[in-house]
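Only one chain is given next, in structure tokens, and it is the form predicted alone.
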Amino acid sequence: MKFKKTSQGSIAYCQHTPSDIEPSWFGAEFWREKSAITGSSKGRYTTWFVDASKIEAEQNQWVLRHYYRGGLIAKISRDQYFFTDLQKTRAIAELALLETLYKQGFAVPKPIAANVEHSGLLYRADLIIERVDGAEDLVARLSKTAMSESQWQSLGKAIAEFHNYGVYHADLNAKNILITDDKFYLIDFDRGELKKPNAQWQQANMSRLLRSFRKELGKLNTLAFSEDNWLQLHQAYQAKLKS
């Protein structure tokens, strides 16, 4: 990971990222002017999908994400965080974790760059990752079609591989798991970290995931998820998990 100073802070970028990257690349307006916005995902805030080939022929689809606060504190500060050290900012920490996992061959989005703009004790931040081609989140998939028993088992094994390596995901939920034709990916590693594997945080991760499935089922009672599916996933997870 390399760094470059900007007028308002710093950009961290990975080895495969164009070195002429600028803060403007992290904003939707830059891509809108190039007619390069290909879509968006609207949750609490908007995440943008852009065609990065507009700037570099060999680049693919990118995802732009701004960091926003959640919960009650968002009423006080929508997108500002306390700045102590560049490496400890949420964007740089997430980019570094993604780079480590990507190099180790884990199914995560390819990391591109992070932008941090700080003034005094406060900072704002953005992240760019590569979009996983042909993927959709599990809620979107299960709202249309069921997964096979072997797919649920494959998902359980995939999560166990992350946990065996010590990957703590701060928000492991059904929408932060992507599925392609033959593979599962984990996304959104904000506040994630590498920890010494232990049953306490691993089980907390799994309990959070189960709650998310049940929550989504409560929203859409036709969602193709059942407690039997969870059992298939969890049994495969336990079998793959190192003691």
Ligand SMILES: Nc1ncnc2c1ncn2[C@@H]1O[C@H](COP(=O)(O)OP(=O)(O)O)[C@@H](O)[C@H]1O
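A residue's number is simply how far along the shown sequence it sits, counting from 1. All values derive from a computational prediction rather than experimental measurement.
What comes next is about the form predicted in complex with the named molecule, which is not displayed.
Enquirer: Within 4.5 Å, heavy atoms only, one stretch in 132-140, 149-157, 76-84, 117-125 touches the named molecule in the predicted bound form. Which?
Expert: Heavy-atom contact with the partner occurs in 132-140.
Enquirer: Could you tell me if Trp201 has a non-hydrogen atom within 4.5 Å of the named molecule in the predicted bound form?
Expert: No, Trp201 sits far enough from the named molecule in the predicted bound form that none of its heavy atoms falls within 4.5 Å.
Enquirer: Is Asp188 close enough to the named molecule in the predicted bound form to count, meaning some heavy atom within 4.5 Å?
Expert: Looking in the predicted bound form, residue contacts with the named molecule include Asp188, since a heavy atom lies within 4.5 Å.
Enquirer: When the contact criterion is heavy atoms within 4.5 Å, does Lys175 count as touching the named molecule in the predicted bound form?
Expert: Lys175: yes, in contact with the named molecule in the predicted bound form.
Enquirer: If you check in the predicted bound form, is Thr47 within 4.5 Å of the named molecule, heavy atoms only?
Expert: Heavy-atom contact with the named molecule at 4.5 Å: present for Thr47.
Enquirer: Taking the named molecule in the predicted bound form as the reference, which of Ile37, Val63, Met206, Ala52 has a non-hydrogen atom within 4.5 Å?
Expert: Of Ile37, Val63, Met206, Ala52, the residue with a heavy atom within 4.5 Å of the named molecule in the predicted bound form is Val63.
Enquirer: If you apply a 4.5 angstroms heavy atom cut-off, which residues in 20-43 are near the named molecule in the predicted bound form?
Expert: Stretch hits: a single one, Ser41.
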